[in-house]
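The data below hold one chain only, encoded as structure tokens and taken in the form predicted alone.
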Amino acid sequence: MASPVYVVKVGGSAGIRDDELLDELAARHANGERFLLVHGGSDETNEVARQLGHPPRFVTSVSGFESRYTDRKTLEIFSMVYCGRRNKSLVEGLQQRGVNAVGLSGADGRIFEGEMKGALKIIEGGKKKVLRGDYSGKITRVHTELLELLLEGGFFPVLTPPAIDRESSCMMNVDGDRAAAELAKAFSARALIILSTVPGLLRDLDGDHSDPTNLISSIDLSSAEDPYSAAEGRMKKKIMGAQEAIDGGVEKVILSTANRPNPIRSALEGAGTTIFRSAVAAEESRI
């Protein structure tokens, strides 16, 4: 019987370190554990976009979530960084550690398939607006066949957005955290671990990140508390992805930092914010 799959998402913001994560992934892979690695690349994409004279534009949806407005030119820059330099940097790092990694985008083999929005409903200057020409969307299906073949063959898949639109077959930008959540659902992952530069969900993002009282150690989605109450900016999408993964049957999602030795082990042993739904609530939902 094949060992369970863990899905790890590592961000692409400024200051993130890959070496500790790659060291641990290589060691665990050598011990027979199975992982799917999903990555971002937002900071480098922003820098390249500015250098190419097409600076990034971030908008806030009417529901309060921040996202990148992705016109066709932005999609091309996005793909250049995510599918190119960032993806191959991680593949190279794993290969250097003896892991036969394979880098893929969600468009390859239609791994991530979904529906393109085409337009965004946003709040700008206190007014509601419709922003058209947007190449972003939501994943509605994960095709696992190619990834299963790679895992069975002993390869290590390294995945990144974009995804592919179901109707037009055009590439589209999708959120990396939510993509990782869909992947975890499709593989019935033992856990989804989302790693960034912060230790987890903080009560005060501007406060002391090393202060344990500033860290929200756990979130039970069955409680009456709003899981988004302390989330700001990009963290809201991480909470959304976590909630979607839990709703799809993933036991737990952990938000933690990549910038420590053995970040996976640390997360699984309690470092960071563990998001779950209590067994009592799960049982009551089936009655």
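What you are looking at is a predicted structure, and each value in this text was computed from that prediction instead of being measured. The first residue of the sequence shown is number 1, and the count goes up from there.
Although it is not shown, the form predicted in complex with ligand ADP is what the next lines describe.
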is_contact(residue 235, ligand ADP) in the model of the complex, heavy atom dist at most 4.5 Å: yes
Does residue 122 reach ligand ADP in the model of the complex, with heavy atoms at most 4.5 Å apart? no
Taking heavy atoms and a 4.5 Å cut-off, does residue 205 contact ligand ADP in the model of the complex? yes
Does residue 201 reach ligand ADP in the model of the complex, with heavy atoms at most 4.5 Å apart? yes
What is the one choice in 243, 67, 42, 257 with a heavy atom within 4.5 Å of ligand ADP in the model of the complex? 42
State the residue from 48, 27, 230, 59 whose non-hydrogen atoms include one within 4.5 Å of ligand ADP in the model of the complex. 230
For the interface check, one of 113 to 121, 191 to 199, 128 to 136, 94 to 102 should have non-hydrogen atoms within 4.5 Å of ligand ADP in the model of the complex; which one? 191 to 199
